[in-house]
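First, one chain by itself in structure tokens, the form predicted alone.
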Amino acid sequence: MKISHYLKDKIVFILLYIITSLIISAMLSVFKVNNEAIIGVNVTLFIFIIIYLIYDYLRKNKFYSKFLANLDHLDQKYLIIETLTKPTFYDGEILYDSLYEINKSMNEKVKEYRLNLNSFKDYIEMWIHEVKLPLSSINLMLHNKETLSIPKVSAQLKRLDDDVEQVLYYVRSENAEKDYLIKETNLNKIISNVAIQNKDILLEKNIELEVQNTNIDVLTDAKWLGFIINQIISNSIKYTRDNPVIKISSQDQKDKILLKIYDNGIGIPKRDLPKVFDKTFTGSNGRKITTSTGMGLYIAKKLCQKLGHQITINSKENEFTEVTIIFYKNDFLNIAK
């Protein structure tokens, strides 16, 4: 810290001192104080000011010189706060406290990114194992022509397509706001598209699909909602029992619209219900169905939150499961239309 820079920073203080000294000298002269006394007062005041400036410069120079030197030698500049002791002057304290808060905030952000990255790595590893299964099945059927069946190949390709779509939406869900457009969309149209996607497996498993009262418009993004509904229906198909039925219906209420997706499958144990939207949670049913990843409902809930929807689930073991998606009405958007 150069003394010239320090004095330049103190120029207002020095000017005020000079003006104050002149005013005091003038006042003492008015009261007919002798010149020796006036000179003595000014000399005393000058000495005090010099002592203060020297003291102030030395303590600030010590702190800022160390600060700049450490910063220059550090490869990881954000660690600068670890090399400093808190100064005793106010503006230094402000700098120190600000650097501490900045460093703390950055560490928390880095920790969050690391957790997300580790979580993503774990999911990708699990996803790769899941993708290998339908690929191995198709490869085995191709080598053993006696077991080759178009419906079976189609089922494996559908499973592979769902796995690829799931990881794609998982990655995009981190920045979903950049990829969706909320507008009035007809539920019946989205449900029809999802039914067509699952047509072959619904026929293969002889699952009855009932759709009622879904010719209604909601404020959403068709692509994201289609994925969410497909995840729910895929779960319903995965956990079927005898005489399987999937029922889809909607209810138009005063301030919201409810989309209900019901199945008479194996249901969910009561102890597992609070955790079904947790990442990678498969619960008791996951141990029965080895293809469960525990990611479908997690991603579905995450996307619903991004879209401003709410998703809930109700179930009774060995009886039914009902998933409800809640669309809240927005008068502003309706007027703006």
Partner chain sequence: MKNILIIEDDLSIANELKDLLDNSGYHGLILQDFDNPLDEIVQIKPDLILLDINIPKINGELLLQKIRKQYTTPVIMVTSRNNEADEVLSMSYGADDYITKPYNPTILLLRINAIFKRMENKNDNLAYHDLKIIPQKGLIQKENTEVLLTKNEMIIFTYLLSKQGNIVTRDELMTDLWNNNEFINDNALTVNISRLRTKLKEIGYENAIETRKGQGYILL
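Positions refer to the first chain, counted from 1. These figures come from a predicted structure and were not determined experimentally.
There is another form of the same protein, the form predicted together with its partner chain; it is not shown, and what comes next is about it.
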Option touching its partner chain, based on a heavy atom within 4.5 Å in the model of the complex, out of Leu181, Ile150, Met106, Ile128: Leu181
Considering its partner chain in the model of the complex, which of Ile81, Leu95, Leu209, Ile229 comes within 4.5 Å of it through any heavy atom? Leu209
Within 4.5 angstroms, counting heavy atoms, which one of the listed stretches 181-189, 109-117, 85-93, 251-259 is next to its partner chain in the model of the complex? 181-189
Does Tyr170 make contact with its partner chain in the model of the complex, using a 4.5 Å heavy atom cut-off? no
Is Leu203 a contact residue for its partner chain in the model of the complex, using a 4.5 Å heavy atom cut-off? yes
Ala195, heavy atom within 4.5 angstroms of its partner chain in the model of the complex: yes
Against its partner chain in the model of the complex, would Glu165 count as a contact residue? Criterion: heavy atoms within 4.5 Å. yes
In the model of the complex, residues of 219-234 near its partner chain [heavy atom within 4.5 Å]: Asp221, Ala222, Lys223
